[in-house]
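Next comes just one chain, in structure tokens: the form predicted on its own.
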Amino acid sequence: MVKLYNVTKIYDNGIRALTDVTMSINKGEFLFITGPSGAGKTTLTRLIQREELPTRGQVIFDGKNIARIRPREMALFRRRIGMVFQDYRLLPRKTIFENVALALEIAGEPWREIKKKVPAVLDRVGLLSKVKSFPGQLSGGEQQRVSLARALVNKPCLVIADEPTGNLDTENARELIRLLLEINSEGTSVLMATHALDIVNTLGKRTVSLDEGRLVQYEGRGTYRYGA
């Protein structure tokens, strides 16, 4: 589904975030990316969703080099990837309904479809009763589930979760992981970047580890060896 070939990313200030990374994410897979802070995890996720382009190497999504995606194709490409962030990134002056609906509005969905899809996805994450609430009225765990609903509302084939449990307590982290496993069981690929040793080792999924921008573990399962 996603393949990276000899990917190197060097920023304009000279910082080398990734060096010669070759890896893949298989269709329907739940894959962890682990490693200490500054290892290159976030840079890797940004490359996959084409927020940035590699300095060298190729990122291939369903057989197409994403560097060659034309501007008019970008909206359709972005709909195929749902993002969940550690800091939620919800708009504080919009209701929960409006925050999730925004992803559909950007994609050009008609209002009649938005009115059906948003309540359905909020119900899935257990927040249908919060449609008129604002982010500041919700707990951290609830806000992260809104972020997940926003990521899912376009029915992406890949969900990228960048440190999604970093601001959550144990109970809320467990619930978020349950939801991610559930959507993965239905065929959606999940790529989760994390420091969480306990989650990685408990689930036993295939794990890719980075250290100082280099791939140091590729085929391990639930064997996170690097400290945060």
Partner chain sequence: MALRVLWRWWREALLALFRNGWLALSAIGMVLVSLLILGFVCLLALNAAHVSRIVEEGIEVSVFVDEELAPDLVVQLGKELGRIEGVTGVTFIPKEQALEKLKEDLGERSGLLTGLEDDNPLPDAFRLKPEDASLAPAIARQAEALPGVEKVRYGEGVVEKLLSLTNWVRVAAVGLVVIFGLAAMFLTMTTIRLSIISRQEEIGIMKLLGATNWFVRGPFILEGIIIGSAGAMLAAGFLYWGYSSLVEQIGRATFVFIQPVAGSEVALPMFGSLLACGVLLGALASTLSVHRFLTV
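Worth saying up front: this structure is predicted, and the values here are computed from it rather than measured. Numbering follows the first chain given and starts at 1.
Same protein, other form: the form predicted in complex with its partner chain, not shown, and the subject of what follows.
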Study note, to complete from the structure: As a check of understanding, the residue in L127, L138, L90, L158 with any heavy atom within 4.5 Å of its partner chain in the model of the complex should be identified as L90
Review point. Among E51, D198, E182, D169, which has at least one heavy atom within 4.5 Å of its partner chain in the model of the complex?
Key: E51
Point to revise | Residue contact check: V121 to its partner chain in the model of the complex, 4.5 Å heavy atom | key: no
Review point. Would E142 show up as a contact with its partner chain in the model of the complex if we use heavy atoms at 4.5 Å?
Key: no
Point to revise | Any non-hydrogen atom of K117 within 4.5 angstroms of its partner chain in the model of the complex | key: no
Exercise for review: Could you run down 109-134 and flag each residue that has a heavy atom within 4.5 Å of its partner chain in the model of the complex?
Suggested key: E109, P110, W111, F134
